[in-house]
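What follows is one chain in structure tokens, specifically the form predicted alone.
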């Protein structure tokens, strides 16, 4: 039995709904202030209608093996992994000109704990000539003028990583239909598109997989989006808040596919920068950061934050534009008023 996290049950969660059919919604700014995003406040990305799958009937097709039922999956050794889950289109609305697609601002991201079975235990030994592992969800529909089903592939090394999960729970609670119930894939450090929801089939292929969401959508410069870019957000103070001029704490989160090594904060629009204090989360969770600030003048102030990671990557002052609006990791920015 998986114990439910207290924050998943006690925090009031509000989602900002972008579309109802299919259902897409981003987290509230209040929910994103927390170290772990409450389950009911996690952003939702759907390409088609949300499948409603009975756990008693769910069966996962595996390469070279009989199907796996839900009770059989629960009998495998399980683990918990803290993960930052971010839509590749997060921040699209900040690009100019704005690319087509859902107008996410900076809230298509959540930090949660998934509980499930390491995929490599279930897959076992793959055929020696396996090039990629393909994952199919139960969701399907018409996309870009043709019938499609949601499928994505992973390199063998990523599929067999010990933290890649067949997840059944989110923040200690069973997955809801919106988040992929009864079972979804979770790929830490990769954009959310890789974490296929409503998982029903896994197959090993001997050549690179070509599919709508692999080679036409979720691509930049002809290549599929993969690992998350270094990024940060400012959670406090809230945008347009009025401050009194007394000392305040600027606070936020930072994340990447690699360890966060530095977060710098500017309170003068980028002319000068100071290093924030970091508090690293467990596993693949985001890194909390904070810094004290005493405003010295009245009026508008533009606060900026930029993160660095262990690979040497740094958030840019302006992110490269691409036609589908993916991977916008421009420095975090907010404006406040001091009176």
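Numbering follows the first chain given and starts at 1. Treat the numbers as computed from the prediction; the structure is a model and nothing was measured.
Here the subject shifts to the form predicted together with a small molecule, a form of this protein not shown in this document.
J.: Quick one: does residue 87 come within 4.5 Å of the small molecule in the predicted bound form, counting heavy atoms only?
T.: Judged by the heavy-atom cut-off of 4.5 Å, residue 87 is in contact with the small molecule in the predicted bound form.
J.: Decide whether residue 137 counts as a contact residue for the small molecule in the predicted bound form under a heavy atom distance cut-off of 4.5 Å.
T.: So residue 137 counts as contacting the small molecule.
J.: Can you tell me if residue 111 lies within 4.5 angstroms of the small molecule in the predicted bound form, counting non-hydrogen atoms only?
T.: Contact with the small molecule, no.
J.: Heavy atom to heavy atom, is residue 150 within 4.5 Å of the small molecule in the predicted bound form?
T.: Yes, contact at 4.5 Å.
J.: Determine which one of 258-266, 71-79, 186-194, 221-229 lies within 4.5 Å of the small molecule in the predicted bound form, judging by heavy atom distances; exactly one does.
T.: Only one stretch passes the 4.5 Å heavy-atom test: 186-194.
J.: Between the options 36, 284, 45, 308, which residue brings a heavy atom to within 4.5 Å of the small molecule in the predicted bound form?
T.: Here the answer is residue option 45.
J.: Which pick from 236, 216, 178, 163 sits with a heavy atom within 4.5 Å of the small molecule in the predicted bound form?
T.: That would be 178.
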